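Only one chain is shown below, in structure tokens, and it's the form predicted on its own.
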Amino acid sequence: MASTGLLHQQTNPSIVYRTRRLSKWKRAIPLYVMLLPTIAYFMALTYYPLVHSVLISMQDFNLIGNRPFVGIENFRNVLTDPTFWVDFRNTLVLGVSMLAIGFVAPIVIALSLNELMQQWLKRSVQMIIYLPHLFSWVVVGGLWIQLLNPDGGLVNAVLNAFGISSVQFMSDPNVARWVIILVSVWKDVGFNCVIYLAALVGINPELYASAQVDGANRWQETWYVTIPCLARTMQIVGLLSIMGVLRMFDQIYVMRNAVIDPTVNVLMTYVYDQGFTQMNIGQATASALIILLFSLLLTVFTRRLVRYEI
């Protein structure tokens, strides 16, 4: 009887399930221990500052002295500030332009490079277009400001050599806006191009062979085989690009000046000016949280639009 009871306990499904589950937890303990530094990093440097910023946004924050609670007054000041909405419009104009050009350009370049038969030429061009991505915006922005300088800049020197008068690239607001857009695309096009080239390598050659059997020309192979196979990569690159639209700052901060500020200032420069120029920390934090909310809504909308699932 005792042996029968013992056998019954050993074969009880609930006991077996709990035993297996406990065994899995024990095996996973080292993995959870290794995750602790990462969790501590994000808790200390991401989530705690985020929660603390909510408190700051509801205060008349001073670095020294009292910090009276003002509720949603800082948020009201941001949303009723005309400068905030001007910068929001500039962010949309610059962001949409960068997205449109920066989305198409790397695809075209990657498809063109994929057609090159000489591997040395392909690798050389790939390295040249990728090189700007390695430099910071301080270097890239300073380089283009010097190249576009109306007094001795290389671009205007070439224009003058052909009898064309110098162009005030960084003094004309409309021209400066397009300069920032094109320089931003130029800096990052190489990185996205490498991603698309990697995706092109993974396309099954049998798909092209089947298309050739059906009589497809090179353009039809690109349109009906290559582009659909790149759709997933396009979704990922597009999603990452859209997520960064509202957070653009470096290129604007480096290349802006007092003449073109109203045309090129964006939301993140608004936060910077409020926090570090005017020392209005509470309003700067409130505007940063509003931008965070906009970014979250934009990301959710984009993921639903492209139906991207992790």
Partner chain sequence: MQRKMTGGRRVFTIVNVLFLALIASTMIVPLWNALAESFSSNLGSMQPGILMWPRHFSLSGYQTVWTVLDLWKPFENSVLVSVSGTLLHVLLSTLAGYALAQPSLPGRRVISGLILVTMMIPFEAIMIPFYVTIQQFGLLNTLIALILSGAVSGFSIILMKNFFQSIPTDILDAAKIDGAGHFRCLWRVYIPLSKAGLATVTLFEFVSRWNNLLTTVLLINDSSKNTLQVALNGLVNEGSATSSGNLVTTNVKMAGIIIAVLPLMLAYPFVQKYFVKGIFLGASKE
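A quick note: this is a predicted structure, and the numbers were derived from the prediction, not measured. Positions refer to the first chain, counted from 1.
Below: the form predicted in complex with its partner chain, not depicted.
Partner proximity in the predicted bound form, defined as non-hydrogen atoms within 4.5 angstroms of its partner chain, places exactly one of 186-194, 90-98, 71-79, 173-181 at the interface: 186-194. Heavy atoms of residue 35 reach within 4.5 Å of its partner chain in the predicted bound form, making it an interface residue. Heavy atoms of residue 49 reach within 4.5 Å of its partner chain in the predicted bound form, making it an interface residue. Although the partner is absent here, residue 210 sits far enough away that none of its heavy atoms falls within 4.5 Å of its partner chain in the predicted bound form. At least one heavy atom of residue 30 is located within 4.5 Å of its partner chain in the predicted bound form.
Contact annotation for 260-285: residues with any non-hydrogen atom within 4.5 angstroms of its partner chain in the predicted bound form are 268, 271, 272, 275, 276, 281, 284, 285, listed in sequence order.
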